[in-house]
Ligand SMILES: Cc1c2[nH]c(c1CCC(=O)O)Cc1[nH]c(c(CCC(=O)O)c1C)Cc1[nH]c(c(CCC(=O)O)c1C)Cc1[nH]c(c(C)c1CCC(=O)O)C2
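First, one chain by itself: the form predicted on its own, in structure tokens.
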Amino acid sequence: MSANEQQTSRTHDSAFLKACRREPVPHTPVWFMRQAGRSLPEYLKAREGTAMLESCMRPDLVTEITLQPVRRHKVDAAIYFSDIVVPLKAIGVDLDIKPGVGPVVADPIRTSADLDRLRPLDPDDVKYVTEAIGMLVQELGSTPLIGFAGAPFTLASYLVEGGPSRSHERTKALMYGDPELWADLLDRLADITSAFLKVQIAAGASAVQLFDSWVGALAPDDYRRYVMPASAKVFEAVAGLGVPRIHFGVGTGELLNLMGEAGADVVGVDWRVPLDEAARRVGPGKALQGNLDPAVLFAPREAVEAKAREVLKAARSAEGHVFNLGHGVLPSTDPDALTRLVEFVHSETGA
């Protein structure tokens, strides 16, 4: 039995995977994007003196950081601690994650000759991922581990812009101005992303999430024409591997149906669209994930619970529901507020 098959058997009946499969659950499962990170003092202590990318390449550190929110909050799933640019770094792209800025690429991709720098990802490029996930699934037992990767559009945006961008002007200029080069770029990134997810699944990840952080900058017609083929290629590449596929983007209310159509089993929804409306937009055959506004956690406990109750009520329209925030945990969030929220959702939805 492979590592993936062993972990699948251990986690099969978890509330999280049942919700992803749109099956009845003992309670609504909860996990949080960025649950492992800056909101936890134990994370800051573990990471002290270690750069972000180095942290992602140390299996011992990855294991400890991934487990921290599971221990503290009793969430229903862990998410593998990494960064979306890790596979790009692994194939030799000259980039770094600068504190307070984000990923910065030394030589942005602007021409067809630049594409030669994007070679295929080999599993040996990320041996530390296989090692870390092997360690994690032993520790997690019946708690599922979510693997993840950045979607082709978001990775392309970093590569073309050279770093984070609010307006994505260079990205869109390339997309509209040289659609052939753009398609080649996204196709290569789809292959790299697919290979990265396959490594995580083979090592024991029970589900995967594709983050398309910046795709909300596009109109639906542009998404369908310029982005959807590459995202669909990623989902198709892991379709037969027996794990749920989650798709999430920020500001993607107008794209929800298309993001599901690209091949996701679970569509992540940010806080801008109520889940009952999201269910209508996505259509049948998909579970939903979300979608409490992360800023709500700064309000008094009663207000947090009232807003969480609204999310749970709206989620009744969904065929399956995984409770999450509508984006990542904000760095200055009180960790105790997250722990209380997990307890509240479990008690509110348990038999």
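Just so it is clear, the structure is predicted and the values come from calculations on it, not from any experiment. Residues carry their position along the shown sequence, with the first being 1.
The discussion below concerns the form predicted in complex with this ligand, not included here.
Judged by heavy atoms within 4.5 Å of this ligand in the predicted complex, the contact stretch among the candidates 210-218, 268-276, 165-173, 116-124 is 210-218. This ligand is not shown here, but in the predicted complex it comes within 4.5 Å of a heavy atom of P99.
Using a 4.5 angstroms limit between non-hydrogen atoms, V105 is distant from this ligand in the predicted complex.
Among residues of the shown chain, I84 is one whose heavy atoms approach this ligand to within 4.5 Å in the predicted complex. Remark: F235 does not count among the residues lining this ligand in the predicted complex, judged by a heavy atom distance of 4.5 Å or less. Looking at this ligand in the predicted complex, residues M33, R38 and Y80 each place a heavy atom within 4.5 Å of it.
Comment: this ligand is not present in this chain, but in the predicted complex one of A295, A46, A303, M52 has a heavy atom within 4.5 Å of it, namely M52. Just one of Y223, Y128, F148, W182 comes within 4.5 Å of this ligand in the predicted complex, counting any heavy atom, and that one is F148. Using a 4.5 Å cut-off on any heavy atom, none of the residues of 173-207 reaches this ligand in the predicted complex.
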